[in-house]
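Only one chain is included here, represented as structure tokens and corresponding to the form predicted alone.
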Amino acid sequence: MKGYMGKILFVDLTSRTHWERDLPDSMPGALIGGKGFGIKLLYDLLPPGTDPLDPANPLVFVSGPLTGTSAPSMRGCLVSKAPLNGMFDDSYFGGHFIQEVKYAGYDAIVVIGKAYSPVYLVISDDRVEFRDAAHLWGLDTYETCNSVKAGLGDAMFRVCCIGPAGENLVKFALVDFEPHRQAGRGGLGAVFGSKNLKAVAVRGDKGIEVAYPESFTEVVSQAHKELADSGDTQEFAKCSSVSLLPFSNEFGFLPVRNFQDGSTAQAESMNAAAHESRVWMRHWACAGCPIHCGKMGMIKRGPYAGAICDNVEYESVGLIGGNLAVNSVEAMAFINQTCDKLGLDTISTGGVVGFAIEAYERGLIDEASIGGLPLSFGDHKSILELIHQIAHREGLGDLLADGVVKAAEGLGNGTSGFACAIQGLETPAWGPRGSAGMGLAYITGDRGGCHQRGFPIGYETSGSWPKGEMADGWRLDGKGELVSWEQNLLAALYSLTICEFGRSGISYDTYRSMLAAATGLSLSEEEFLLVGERIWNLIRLFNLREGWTQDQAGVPQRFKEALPSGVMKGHAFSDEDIAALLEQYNAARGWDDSGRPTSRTLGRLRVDELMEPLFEGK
């Protein structure tokens, strides 16, 4: 099928061997690519119950059928079993790396095993090399990328790598793709580290054929026009996702001081105008994207003056700025860059540091355990020191490096009540109080409590969704149908490996038209949603196989306490609310009361056909 390269590359770090497999004919029609291909490969290749840091846990780099073409705003997908919570994890990244994977001739690269000593991989078309990485071990992500490229003598290689956090198996370590783009959530950098894999460099010279070139050119032009005409997309182009801050603060969704509140009077000091006037200098874009949401800049004043940095996205502004009460955009930008260099997910980092500060203020952590560090909200110097401790697993950082849930278990004394994680994943910068739909999306998310697997807040605050009117934020009715519908839609779109900023402007019909013109795979709206539903059910089966139960689908005590500010002031979750929402959701999905897909649902979606293994090693 056109649009695909038709090959999957397998690399075994233990035996230092590699081989290729043809892409099975059944996969494009059933799963499209991206998220869909990722779960099928992981389901087949991972022995049930395997620890995420075991050599048998595969790392899967996977593209979509539009990746590497002229279709705008396409990303890559990295899939594995998450060290942070033991669930399925698909983490998306921009830049240029995944396009180069396709140019090298592959729809996916699967890495298994563990090298006996640190290595990095060099993939150039059909040539695979295992190179010593002893000289790279200990370097940050920026230094590693630059060193690998210099050693290869070819700047056209695209590089992904880990920093010290991944080497030290921090369970929310990220993978950096050419500095400034990351696969952040779930801890896949620790999977790299567990395999002694420091970096991967890819270079390719193959072209991608599409099924109907003239039609494809026309529909890609339509996609560009839709992006240009979209007010939301233009706002992202101008201000990146920081533009969402005023909305979040107004409605009480912004995390403030470890989610003790949902809005702050300091929001104006953290908004896009502050970043633009004091840090940003120019725009930049990922491969083939007209949005240019990246903002390169330099810190011009204060103790971090002279540091060159990227923009701080809304999630990082929320978890570093609001959640840690760091109101200086300069300090915020420097902390964000420090996390990127060390290889730490900023969402989880902001969550565990906020938890540690609150525990310290409550007298549950003494200064001796943190090397005399006087922790406090807003103190960017002590926050930076603690972040370094986490990345290197030193002092208190060693406890925090396993995530906020494990940290609360270690500290005890009721700290689990303010350990803000849902399904083992630190809560993003959209506090769920005031949004029943958002809470439901978090407790049913396929990789844990994630805002990118369903974002009903937009529908709840606008009062409508594509199927009609929508109940307001705190009313429970209709939320099961809404959340399951959006999860199916996003799963289908992630099979294309779209970017959320592109989704804000490009219509779903245009995405399907680009898919049809590129591959010949013409899907109706209903068929497209069925692909997403099929993927979602397959992931639920994987998570159940790996030990997930519906008992994990709850919220911490913090979100059962009334929201103290914002237009949703006074709202909170109760156990009864959660039970009612799950009952709605399971019914909408055709699952039983324990959240397990029924045989009737699996038959309707032809998931049972996908259970036959297609990948079993060499």
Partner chain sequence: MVVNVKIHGTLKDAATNSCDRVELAEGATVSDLLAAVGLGCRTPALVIADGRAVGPSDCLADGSQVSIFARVSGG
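Positions refer to the first chain, counted from 1. Just so you know, these numbers come straight off a predicted model, no measurement behind them.
Same protein, other form: the form predicted in complex with the partner chain, not shown, and the subject of what follows.
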Response to the item:
Answer among 113-121, 399-407, 130-138, 448-456 for heavy atoms within 4.5 Å of the partner chain in the predicted bound form: the stretch 448-456
Item to complete: Go through 244, 443, 411, 470 and name the one with a heavy atom inside 4.5 Å of the partner chain in the predicted bound form.
Response: 244
Worksheet, complete the sentence: Picking from 587, 56, 567, 580, the single residue whose non-hydrogen atoms come within 4.5 angstroms of the partner chain in the predicted bound form is 567
Discussion item. Does any part of residue 497 reach within 4.5 Å of the partner chain in the predicted bound form? Heavy atoms only, please.
Written reply: no
Item to complete: Using the partner position in the predicted bound form, report whether residue 358 sits within 4.5 Å of the partner chain, counting heavy atoms only.
Response: no
Worksheet item: Even though the partner chain is not shown here, does residue 259 get within 4.5 Å of it in the predicted bound form, heavy atoms only?
Response: no
Worksheet item: With the cut-off set at 4.5 Å between non-hydrogen atoms, does residue 501 touch the partner chain in the predicted bound form?
Response: yes
Worksheet item: Does any residue in 271-291 get within 4.5 Å of the partner chain in the predicted bound form, counting heavy atoms only, and if so which ones?
Response: none
